[in-house]
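Single chain ahead, by itself, as structure tokens, in the form predicted on its own.
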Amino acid sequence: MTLKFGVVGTGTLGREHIQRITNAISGGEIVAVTDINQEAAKKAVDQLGIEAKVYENDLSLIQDEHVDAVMVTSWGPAHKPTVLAAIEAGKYVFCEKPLATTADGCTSIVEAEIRSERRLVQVGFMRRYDSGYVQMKEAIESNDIGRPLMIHCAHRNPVVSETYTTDMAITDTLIHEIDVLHWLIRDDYQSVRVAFPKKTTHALKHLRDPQLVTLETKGGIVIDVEIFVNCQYGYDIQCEVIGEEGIIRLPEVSSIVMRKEARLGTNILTDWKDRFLDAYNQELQDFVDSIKETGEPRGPSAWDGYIAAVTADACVRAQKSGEKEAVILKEKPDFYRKKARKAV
């Protein structure tokens, strides 16, 4: 069985996923594409050398009987209607974050999926497929360091574009830590607080950078995450879990060690796409494989997308208030509790 994809959004990430499905993973095929910019969609098909039909819009693509799964890599605010239409049509969905730009939007997707009585949606939180995070989770669940007490993290970019805003440090950057840490420790967030240290001179006038986010879980774990998107030196992801009996740390990216001119050093990546290249491949392969094996995706669910959205909303409120803000989640539906027992 070959899973046939229709891609909604042929920008940078959409094109990269097209290449992954075509060249890097097995069991998938691109049969349709669309983009708000029709010329961009046609150009993507031509340049990537694929035989795919170019549709005028997402709704016509979704209705194509040859499309089994809809890949949503369009502009964030456009995700919700596309995902809902795909669920209504009974199509599988791989949606890049955000699932929707609001918690209410995510709730409507969760409710639609429950009504369908099938798990159809996977959200593109690729860090769960990174080998370092996978090893950390295995160590935590094997009780190698005892109960986790606190977590220290950093998310650093060398530089960001002029369109990057202070709230995007949460909605576009921290959102990955929000999901992967929740997955690592299986503990819901209870409250958040955001502090702004001394501003770097490298940040544009409209941007407050760096930021320090503190999250507390219902189980009492305290997490601090440094977000520094103009750090200059490279793209750097750090995570350290402190337990009662030991510490585990995310491994550094593999690189050669060079001795030269009385110095010892290794290279640091500068592009986030290179840092998680293998994780992107693994998540799409798992999406395809799980549907073939069980008839449902087993990766990050629509409920995970909802948790990330609610937590991110609280963080944005905390940016503005300077106070501790509560993270108030609805009760997890039985539909997702049952599915979680089957998930990897």
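Note that the structure is predicted; figures quoted are calculated from it, not measured. Residue positions are given as counts along the sequence shown, with the first one as 1.
Just so you know, the form predicted in complex with a further copy of the same chain exists too; it's not on screen, but the next bit is about it.
Novice: Among Ile247, Ala78, Val159, Leu204, which has at least one heavy atom within 4.5 Å of a further copy of the same chain in the predicted complex?
Specialist: Looking at Ile247, Ala78, Val159, Leu204 one by one, just Ile247 meets the 4.5 Å heavy-atom criterion.
Novice: Would you kindly say which of Arg193, Lys91, His182, His176 lies with a heavy atom within 4.5 Å of a further copy of the same chain in the predicted complex?
Specialist: It is Arg193 that has a heavy atom within 4.5 Å of the partner.
Novice: Name the stretch, out of 265-273, 70-78, 93-101, 119-127, where some heavy atom lies within 4.5 Å of a further copy of the same chain in the predicted complex.
Specialist: Only one stretch qualifies here: 265-273.
Novice: Just to confirm, Ser254 within 4.5 Å of a further copy of the same chain in the predicted complex by heavy atoms?
Specialist: Contact with a further copy of the same chain, yes.
Novice: Using heavy atoms and a 4.5 Å limit, would one call Asn23 a contact residue for a further copy of the same chain in the predicted complex?
Specialist: Asn23: yes, in contact with a further copy of the same chain in the predicted complex.
Novice: Looking at the partner-bound form in the predicted complex, is Arg115 within 4.5 Å of a further copy of the same chain by any heavy atom?
Specialist: Arg115: no contact with a further copy of the same chain in the predicted complex.
Novice: Do Glu141 and a further copy of the same chain come within 4.5 Å of each other in the predicted complex, heavy atoms counted?
Specialist: Close contact is absent here: in the predicted complex, Glu141 is far from a further copy of the same chain, nothing within 4.5 Å, heavy atoms only.
Novice: Heavy atom within 4.5 Å of a further copy of the same chain in the predicted complex: which residues of 220-242 qualify?
Specialist: Those in contact are Gly220, Ile221, Val222, Asp224, Glu226, Phe228, Asn230, Cys231, Gln232, Tyr233, Asp236, Gln238, Glu240, Ile242.
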